[in-house]
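One chain comes next, on its own, written out as structure tokens in the form predicted on its own.
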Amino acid sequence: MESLIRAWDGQSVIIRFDRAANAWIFIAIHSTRLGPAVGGTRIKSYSNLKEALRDAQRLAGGMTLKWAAANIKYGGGKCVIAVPPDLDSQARTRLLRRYGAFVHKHNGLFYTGPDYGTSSEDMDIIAEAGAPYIFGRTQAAGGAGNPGPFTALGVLTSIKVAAERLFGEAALAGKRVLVQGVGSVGRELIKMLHEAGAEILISDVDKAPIEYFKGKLGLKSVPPNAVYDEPCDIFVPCAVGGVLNKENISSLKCQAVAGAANNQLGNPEDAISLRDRAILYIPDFIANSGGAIAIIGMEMSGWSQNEAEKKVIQTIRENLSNIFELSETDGCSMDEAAFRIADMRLTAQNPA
């Protein structure tokens, strides 16, 4: 783990071992250049601690880019809590309370909300000792609730922008869209795509949500090991990161990639491979920024739900317009263009 910390370009990593739950807490603070670090709390079982630390670091870096690209004055941070697979619900609840006190102890260096493996209900528990540094609590507890629908709205907006670029119109009726990952965001997105008239294919390692959408909407499924070979117009990664790499990009049979998963590319060169195959790639920290934008706006600026939805759509459309322009002018990949725009806002003396 020492080598990971030494090589990382972030500011600091806060590590705590929670003996009672046999869990490790990694809070990665990537940047406070624009403001306090803000990012979700992920709870997951990992095969080893290096994997958990690496996940926290990569996700924190993605949050720095997400806030900068959205022109919101927060920095990038993320927490990963690596738990044993047999942790029971009562022990988990007690862990959340201790974690809340740990966040509070750092006096606003890190603000957090829901992420993979956590919910708004979990944030209510964490906030018992962690307030006021906890976002995304339930509405009953005074928060803005689940960010999933807003994240899904941002991804839908990105898909429509991609369709507009590729097909001349944003309408999705009849477009073949493959959603990989039917979790909290994927489920909401599928509903939105269905309302938009898209032809939806779904894939997930968990059979339960697949069977649910087969029964409810009559959707077709694709085995997880076959998603990269399945013909579609737009491929939508909404599961884990690192799903696109040199081994499978050559197999893709889509015209665009736009999804909610963090860190979709195995490495930055994969964006060039996508460009060389004429596959339009919407950078993940742009496409999946809707939840962060909306929850912060609703809880910090008092936006209504309607205002939050409009802001998500406006921000993502404007960002993608700027990214397209820079990519075409300089001949760089969409990913590089997005990084450069975020970096310009990070290094500006007085960010807008």
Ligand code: PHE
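The model shown is predicted, which means the values in this text are computed figures rather than measured ones. When you see a residue number, it is the position in the sequence shown, counting from 1.
Although it is not shown, the form predicted in complex with the named molecule is what the next lines describe.
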Stretch from 32-40, 302-310, 48-56, 319-327 whose residues place a heavy atom within 4.5 Å of the named molecule in the model of the complex: 32-40
Output flag, 63, 114 and 147 jointly within 4.5 Å of the named molecule in the model of the complex, heavy atom basis: yes
Answer option from 99, 110, 213, 135, heavy atom within 4.5 Å of the named molecule in the model of the complex: 135
The unique member of 28, 295, 68, 287 whose heavy atoms fall within 4.5 Å of the named molecule in the model of the complex: 295
Residue contact check: residue 157 to the named molecule in the model of the complex, 4.5 Å heavy atom: no
The named molecule contact in the model of the complex: residue 262, any heavy atom under 4.5 Å: yes
In the model of the complex, residues of 69-88 near the named molecule [heavy atom within 4.5 Å]: 78
